[in-house]
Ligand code: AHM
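Taking the form predicted alone, here's one chain by itself in structure tokens.
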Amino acid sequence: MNIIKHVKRGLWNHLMKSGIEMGLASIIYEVGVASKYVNHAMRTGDLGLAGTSNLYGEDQLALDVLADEIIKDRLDHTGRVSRIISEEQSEIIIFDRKSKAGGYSVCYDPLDGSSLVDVNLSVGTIVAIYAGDDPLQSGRHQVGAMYVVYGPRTTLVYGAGNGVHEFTLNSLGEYVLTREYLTVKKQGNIYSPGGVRCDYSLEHEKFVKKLEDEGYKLRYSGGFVPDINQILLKGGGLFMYPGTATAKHGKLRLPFELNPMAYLMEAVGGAATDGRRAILDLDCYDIDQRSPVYIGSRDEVELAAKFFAGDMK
């Protein structure tokens, strides 16, 4: 009886019952398969440097490189992916698409926050999915997005026009449904502030002070994936990484960090902006493109915009 219940609640079964197009479903499922190998490698493998750097000049961990290769291979295995952009690669990678059916392009960060692995904090994988052969599109054109959290539990969250749902990796190595149709409240009570405070703009500093004065609780792990996951599963709150004096365009990359998370956040009733414009409406023209971000409950995101518009003192 338990086996039947387990099968009914599995990831592939959920994708099929939701009516997700087969190619899109296979991409989501195969990223889930890849994440099991990444999870195993993280718990048992080499956490040292790979002796290489990515396109941003950051030293790559052996785990970064391995996670990138695992996910890349699984995406190629679908036969439906024609182009990929990875945070660990310096250029768009072209696959020889095996299927004659409609193809997809994928942007992904194989191991976001990997510098936290050696101190045993949660990290994640982030994925954006587009129809067609162009991975550098406005985030509004995404047909699906997902992330995986590698923490005390390994969980997968996906959305593809059918709500946003959480799955947990069980002891049998299968993702089983934990929560369906996640939502965030219009207003939360936690905030996660990225960046160095002495580099904040005057508008951003005033906004943070407003949140503090109103009793918001600071909850910041240093990892984008676990912080967004906390807002989603707690049902409200705000993550922000502003433009600063030393990083005018912020730190987080649009193609494979901000766009997929903004897609999911809007799908659960939240919002995501750069302080003025919706993240999903920004033109995406470069692999290294970055943007400030305010993402989470709608009231807090809209309040931030009021400070940047000069409507708040």
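We number the residues from 1 along the sequence you see. Bear in mind the structure is a predicted one, so any value in this text is a computation, not a measurement.
The same protein also exists as the form predicted together with the ligand; that form is not shown, yet it is the one meant from here on.
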{"property": "Segment assignment from 281-289, 247-255, 65-73, 36-44: heavy atom within 4.5 Å of the ligand in the predicted bound form", "result": "247-255"}
{"property": "Triple contact flag N229, G236 and E300 to the ligand in the predicted bound form, non-hydrogen atom at 4.5 angstroms", "result": "no"}
{"property": "Residue contact check: Y200 to the ligand in the predicted bound form, 4.5 Å heavy atom", "result": "no"}
{"property": "Non-hydrogen atom contact F224 with the ligand in the predicted bound form at 4.5 angstroms", "result": "yes"}
{"property": "Partner contact for G113 in the predicted bound form: the ligand, 4.5 angstroms, heavy atom", "result": "yes"}
{"property": "Contact test in the predicted bound form: Y220 vs the ligand, heavy atoms, 4.5 Å", "result": "yes"}
{"property": "Proximity to the ligand in the predicted bound form, single hit among F167, F95, Y241, Y130 (heavy atom within 4.5 Å)", "result": "Y241"}
